[in-house]
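So this first bit is one chain, no partners, the form predicted alone, shown in structure tokens.
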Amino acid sequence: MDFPLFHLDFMGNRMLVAVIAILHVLINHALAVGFAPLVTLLEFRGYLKSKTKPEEGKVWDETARKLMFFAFVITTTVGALTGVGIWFAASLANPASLGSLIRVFYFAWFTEWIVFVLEVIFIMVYFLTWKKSNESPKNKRRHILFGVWLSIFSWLTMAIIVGILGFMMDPGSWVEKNSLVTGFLNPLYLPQLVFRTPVAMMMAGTVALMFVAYVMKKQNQWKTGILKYISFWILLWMPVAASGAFLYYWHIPRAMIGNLPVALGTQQFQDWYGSLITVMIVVIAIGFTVGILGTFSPRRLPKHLLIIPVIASFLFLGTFERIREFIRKPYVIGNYMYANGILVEEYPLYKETGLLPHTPYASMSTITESNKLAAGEAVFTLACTRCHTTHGISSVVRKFERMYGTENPLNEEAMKVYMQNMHNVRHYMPPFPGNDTELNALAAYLAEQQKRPKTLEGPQIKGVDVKEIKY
């Protein structure tokens, strides 16, 4: 209520954040958290082999360096840009929720920033001093130590952020105690960390396996040994990831489990939930088979087949991120703030007095016949645009048309009845936060949008009208 609400009507604010955040998470898990320890291990393996077989050790070391070059380029460009992009997108899409998280986790985020700076320093040092490290065994041992520290700091950045992500799903006792410790050590912190860590390691292995298969020449006599080693890495982490997924699932609040069919298949395809689960199991089984084949018979491993585990692991984590974001609804911060950015404790006030008198960014405080449509637009902006658009992705108008058909114009009374009870019909929808007069205005605005579709411009385009609020 205290911020002008940015809005993209063609794709929606939620989709904007999702695209940036999922891309960042995929890069962070696969090419930072998981890649750093794997590359360091490959380098260490090459160092050990160089003592008895210098030529083979050199091949292992060069393979590790090329992998690090690939990770270095992606993480310091796309990874860095999307990391900053998450902050910009989240602060625009739902400033109230981000503001609350900063107030609760200021010290945790400050610590994460320090850790991230150290991660950047170590990735620069680790990659840029690689060739010099081959000048002597002492330099090589020190260089491997840089890789170990890079691995630690890469994991720590994730470990800190996971505490905040878990808090958004289930704050636990924080609602009563309001302390950083209770918020950070929420019921989902350790289960989610135990799940994400092996998944990151596994993803790194699939990318490294495909990279080596395509980059190394087929006639290289040590290629099969490297492929076998990376395949074993994947195989080693898969049961740990499965155990972490099982642990995480059983710690998710039971009310959220009911949202899984819609979270996985969307509202339109929620009846396909069982089929989608089957497809995911089959894809994971293919990845497991590739790991076994690469471990025990790397020569028979078709390199084109290795694209499947990479795609599967990325889709798996991407789907998990969508599910994690969706099942916590109707909240953006569990039991504290609804997805529309309105605090749970503020609802009784807004139900009685309405939303419009409490925001400086709506030109009206009272609704009349002359400003009814403009007021409906303002209510839609405040109550709905965190998740919905008028005619774009997740369009409210199209959702009502699917419910009531398109043969006749949308019925305002039917929409009002639905919106009054939508939280009971679909638990993942927050209750309507305004009073009856605002509900009437919203229904009128949506009916008008069906008759005469018009793009809802956000304040970044049309500006804002600021009024004085008197208490």
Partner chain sequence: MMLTVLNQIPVPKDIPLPMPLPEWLLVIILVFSFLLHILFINIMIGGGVLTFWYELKGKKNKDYDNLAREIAATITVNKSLAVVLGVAPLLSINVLYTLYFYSSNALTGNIWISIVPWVAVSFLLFYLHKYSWDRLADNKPVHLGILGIAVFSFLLIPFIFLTNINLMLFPERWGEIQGFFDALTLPNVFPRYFHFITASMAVTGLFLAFWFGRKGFKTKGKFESLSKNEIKKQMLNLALVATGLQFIFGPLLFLTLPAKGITWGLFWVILAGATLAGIVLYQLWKMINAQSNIPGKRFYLVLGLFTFLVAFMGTGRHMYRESALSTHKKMMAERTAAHWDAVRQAHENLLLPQVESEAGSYTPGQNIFQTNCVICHAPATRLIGPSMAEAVPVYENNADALKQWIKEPGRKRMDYPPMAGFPHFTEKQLTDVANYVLQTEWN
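Note that the coordinates shown come from a computational prediction; the quantities given were computed from them, not determined experimentally. Positions refer to the first chain, counted from 1. Throughout, rigid core stands for the largest set of C-alpha atoms superposing within 1.5 Å between the two forms.
One more form of this protein should be noted, the form predicted in complex with its partner chain, which is absent from this view; the next part is about it.
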TODO: Counting non-hydrogen atoms within 4.5 angstroms of its partner chain in the model of the complex, say which of 165, 92, 226, 252 makes the cut.
DONE: 92
Task: its partner chain in the model of the complex reached by all of 361, 421 and 463, non-hydrogen atom within 4.5 Å - done: yes
- [ ] Report the stretch among 295 to 303, 242 to 250, 184 to 192, 126 to 134 that approaches its partner chain in the model of the complex to within 4.5 Å, counting heavy atoms only.
- [x] 126 to 134
Open item on the list: So in the model of the complex, is its partner chain close enough to residue 286 to count as touching (4.5 Å, heavy atoms)?
Closed with: no
Open item on the list: Contact with its partner chain in the model of the complex for residue 160, defined as at least one heavy atom pair within 4.5 Å: yes or no?
Closed with: no
Open item on the list: Taking its partner chain as it sits in the model of the complex, is residue 352 near enough to touch it, meaning that at least one heavy atom pair lies within 4.5 angstroms?
Closed with: yes
TODO: Using a 4.5 Å heavy atom cut-off, state whether residue 425 contacts its partner chain in the model of the complex.
DONE: yes
- [ ] Would you mind checking 394 to 414 for residues with a heavy atom within 4.5 Å of its partner chain in the model of the complex?
- [x] 403, 404, 414
TODO: Classify residue 303 as shifted (yes) or not shifted (no) between this form and the one not shown, where shifted means its C-alpha moves by 2 Å or more with the rigid core superposed.
DONE: no
TODO: Determine whether the C-alpha of residue 60 shifts by 2 Å or more between this form and the one not shown once the rigid core is superposed.
DONE: no
TODO: Examine residue 421 after superposing the rigid core and state whether its CA is displaced by 2 Å or more between this form and the one not shown.
DONE: yes
